[in-house]
Every structure is written in structure tokens, then in C-alpha cells.
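The chain below stands alone and is given in C-alpha cells; this is the form predicted on its own.
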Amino acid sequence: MSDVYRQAWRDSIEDPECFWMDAARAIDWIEPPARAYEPKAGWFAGGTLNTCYNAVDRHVAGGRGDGTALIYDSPVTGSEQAWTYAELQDEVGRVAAMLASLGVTKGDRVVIYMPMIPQTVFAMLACARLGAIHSVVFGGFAAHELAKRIDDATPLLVMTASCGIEGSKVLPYKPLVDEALASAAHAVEGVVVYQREQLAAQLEAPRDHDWMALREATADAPVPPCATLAASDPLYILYTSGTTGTPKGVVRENGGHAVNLAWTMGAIYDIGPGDVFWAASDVGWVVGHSYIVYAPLLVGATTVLFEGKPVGTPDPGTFWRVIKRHNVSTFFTAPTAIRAIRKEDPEARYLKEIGTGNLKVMFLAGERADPQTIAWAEEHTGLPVIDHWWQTELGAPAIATCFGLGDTRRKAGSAGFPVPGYQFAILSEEGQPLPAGQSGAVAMRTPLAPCAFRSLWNNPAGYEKNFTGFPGYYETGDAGHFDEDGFLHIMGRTDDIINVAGHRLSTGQMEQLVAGVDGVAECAVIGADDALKGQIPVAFVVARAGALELDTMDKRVIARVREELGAVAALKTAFVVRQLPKTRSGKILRNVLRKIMAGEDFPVPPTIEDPTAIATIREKVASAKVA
């Protein structure tokens, strides 16, 4: 264990006041905070700042205006462009002037429904400059989902683009925005549309504004100054799916967000001024907010904005080309992306041919990284591949190997160790701490670290619900355990713990075993209702390209689980399918698989990447039941 990590974690728990006030020195404050934390006032009470100034303007003022801030790499459009910090400052200033001309001021909400293009980044930072609260909605979300978010956030404006591009498909955005606005109860005052050359959108006066025309009309307007914001003022609202189907608006505060993110860039990712960092995510998700837009810019690094897919744009070598072409130092992606690459290129031929350039470490997050995926990546890159864990509610990693603090310990199947600022406990259903090796509810002692949410937009009861199950703790909704070496293992959501004839079993543990079966590219194990045992596990597997013995894969999967866990596991059904239902960010929709097994009718989830996956799996399950 790194002594630096050990000391940092101990300091953050034993003297959080000193620890976080020291971290706060990395931020330029208009009025420095008097204290790190007060129970009612929150983090850095009394302090004032502006996040856009810290992410952009101060680097220019400090003489680093010529340093590269943003690289846009789009294999789907065949375009590539870069902006220095000075150029980024100009672009953000112009968009801020556009917004100001439409009446946007401090505290207003702006919904951003845009694809992975530079204008999306400019829009987010421009809102931060004005003190407006942005709410980015993943581009391509269904109209009714967008309408829900519009009604909850009640924005003054919606900013969008004429289209997004998903692989080879051009997705019109403006019709979805029009449909959402027609069904929403809240009426926005304007829609700003960035026209892309792949597809022009029809604009309707006087509500709709052409982005470039508005930019030209405000070209001589002064750039609005950076608004002065309290540390507790909201920077953004990011909606995450709620258990009732109603989206939860996670509120991120300016002060804690800036301090915590800046600290993580050095301590976890080993990134500082001038380094190139790439998070292969989408700005519609929390990873994109934290580690495409804000964190790299807060520390003066170069961030990569990638519009493409790990495979098919054009091939499984895309990631490695981007890494090498832009001298990426630290890379962050989802396990699903690496599994997709492995499925298409199991021998890593593209990787061997292209190489990884200056890359020194790869981080994975988004869902649990199975040991086989990590082993494949480490074998073929020759680099440490580090799984880590966090949530939209937290805004930054809570479990990780702190690479920047000199820690390189990792164990396949574990997300690492508690990040400084977080104190974890594994609790029984009665709220009692469980010993190492025993699974239970993963909980975190309050107060949470500075980046974590302190409210939900318009939903105080929903926020409090996260802390009532175990008083004094935040209930993560995940199940897991500490092992004898102190590694924390997240095995899946607590509803992925199934009860088979009185035995509590982890479907995450079964997935780990299934993933190790020869020829399996990716898998999911869910609990299905059973009249005799209450619940039984069912496996769904996708074969790797060129995998042999496909006709016996289901039998080999069942045998592997029985061999490791015994007959108590009761895994008797394994479906070999073409693809799993996944979100566009790569998360497997296990709840969809549960509903299919239960024979339920349900609407197609708005986040799903390929709706045809549902029909093909449903057909396979139905034919098996008939047989």
C-alpha cells in the first residue's frame, strides 16, 4: 500500500477540515471560504467563485493561453479540431453573449440536448460563466423523457443541434425537441439550434434561433463577466433514472465540485497541466460532466471529446488510434467498450499494430469490470488497468486505486479502496457492520465528500430517502464486501442479490464465473421468479467473434457455475444471444432481462442502444418455454 495514499485517506477521515481546506487552495476563489464544512451550510461556506473562470479564464490569465484545452475527434464525420485555452475562452465568451442576449442570467436553467460536439462544451461552460444552471440531457433521448426533464427543471431555453450521429445513423434532434415542447407543461422562451451539415433542421420563428446567426448578431456584444457564485450555488442539474420512472435531478454545487474534481485529477488519474486526458464517455452522463468537461480543464490539462464508438467507427482500432494520435496519458472508459473491442478483435491485432503511444494507465467505470476483461486489457496493453466505482449522485470516484498517489495495487473483481473523503461500511439488513468476506449493503458514512449531491431538484423527500435506511449513512443501493486485504468489491445492485430456496446469492459473482467461460464476450445473470425456489438465476451470454463450440456454450456456462458454487446456485438456463440490451453508454439493462423472463409487457427504455435486442431475446426465451 502506498504510504501517501494511506496518509491521505487517514487525514481526510480524521481531520477533514484541514484536508479539504488544503485541497481548496487549488481553486481561485473570489472570496475564500472560512471553513471546509458546516452541517447546514455545506462545503466551503462563505466562499465565492466561478467554475468557468477556474476552468478557462485563469489559465489564460496565468500565461497558459497557448496550451491546448480541447481536442475534438470525430471518426463519424471525419473531422478533427483543437482549441487552445485562449481560443476556448473566446468561444465560451461568444456563447455566453448569445445567451445573455436572450435574457439568461444567474439562476436560470438551460436544458442542453446536444450530441458530442464542441458546441456542447461551449454551452456548458457559458452557462457556468453566467451562473445559469445547465441541465444536459443525453442527445437522442425520447421526446417524453426530455419533456419530463423540461417540466422539472423549468428552463428558460433549450439548446440543441439539428442532429446527432450514432455510428452510421444520422438522428434528427429538432423533431424530438419540438415533440417534447409540445407535450411539456412548461413553456420555454426559446430554442437555440446548432445546424450540422449532415442534416439541417426546420426552424420556427420567433421561438427558434439559429446558433451561428445568433453568434453573428452578438459578435460585437461585450463578453459577459464571470458571475460571482456562492460555493453552495448549483452548477448543474443532472437527471438520473428513479425507481418509480420519475427522473431524479441531482444538483451539483459549484464549490465542492471544483475542489473535489481538481483533487481527483492529480491524486487518482495522475493528470496535471499540459497532460492529455481522455474519458470516452458522453457529456450526457456524469462521467462526461466531470471528466470530459470540468475536471481536466480545472487543472489545465487537455481533454479529448470523441464522437464515435469503440467498434464500427470504423473498426476495433479506433480507441488505440485516438490514444496514440493525441498522446493521451490517462484513458478512462467503460468495461463494456473494452468487451466490445475484445469481442471483435479477440487477438488484439489492431492494438498490436497501432500501439498505445504515451498511455500510462487505463481506468474503467460504469459497471462492474469482470476479471477476464481486465486481464485481456492488461495482457495486450502491458499497462495497469484499474477498475473504480462511483455514481451520478457522487460526481467523482469513491472507490479506486489512487494511481496519482503512487498506489498501483489492484485485484481483479474489486474496484479498489475507499478514496480519501469516503468512509465505507458493509451493513446487514438490520444495519449492523459485517466482517470481511461477508456481503451486504454498501453504505457510506455522512457527510459525503465535497462533490457529492446535497439535494435533488424539487425533491427533498427523494433526497432524504437515500439516508433513512441506515441512519448516519448514505445507502448506495449496491451490494458488496471487503476482502481480507481491504479491497472493496461491488457485486451489483442490492436487487441483484437473489434468494434461491433461502440462500442469498450474488448474480454478480455468477457473472464473474460465466465471463471466464471460453468464448464468452459478455454476459448478464439475473434472478427470475420460480414457483419452487422463489428465484433462480438465468444467464444471458454473447459469444466472441470466432468463438468455437457455440452449440455447447450454454451447457459449459451452467457447468462452470455449478462447479464453482455447487448445486445451490440452481443455474439451469443459459441463453446464447446476439447482443444484450444496453444503454448507449454501455450499461447492461438487467431489469429489461428480468421483465422478459417474467413475460411482462413494457415500453422500450429511452436509453437503449438497439431496441431490436429486446425482440430477439424475447423470442428466444419464448421458444425455450414452449420447448
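Nothing here was measured: the structure is a model prediction, and the numbers come from that model. Throughout, we count residues from 1 along the sequence that is shown.
Omitted here: the form predicted in complex with a small molecule. The next part is about that form.
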Residue 389, heavy atom within 4.5 angstroms of the small molecule in the predicted complex: yes
Heavy atom of residue 380 within 4.5 Å of the small molecule in the predicted complex: no
Any non-hydrogen atom of residue 368 within 4.5 angstroms of the small molecule in the predicted complex: yes
In the predicted complex, residue 324 touching the small molecule (heavy atom, 4.5 Å): no
Heavy atom contact within 4.5 Å of the small molecule in the predicted complex, the stretch among 486 to 494, 103 to 111, 200 to 208, 266 to 274: 486 to 494
Single option in 228, 423, 218, 240 placed near the small molecule in the predicted complex, where near means a heavy atom within 4.5 Å: 240
Candidate from 178, 87, 478, 189 lying within 4.5 Å of the small molecule in the predicted complex - any heavy atom: 478
Note on residue 336-residue 535 C-alpha separation in the predicted complex, which departs from the shown form by 3 angstroms or more: closer
Sense of the change in Cα distance from residue 535 to residue 430 in the predicted complex - at least 3 Å versus the shown form: farther
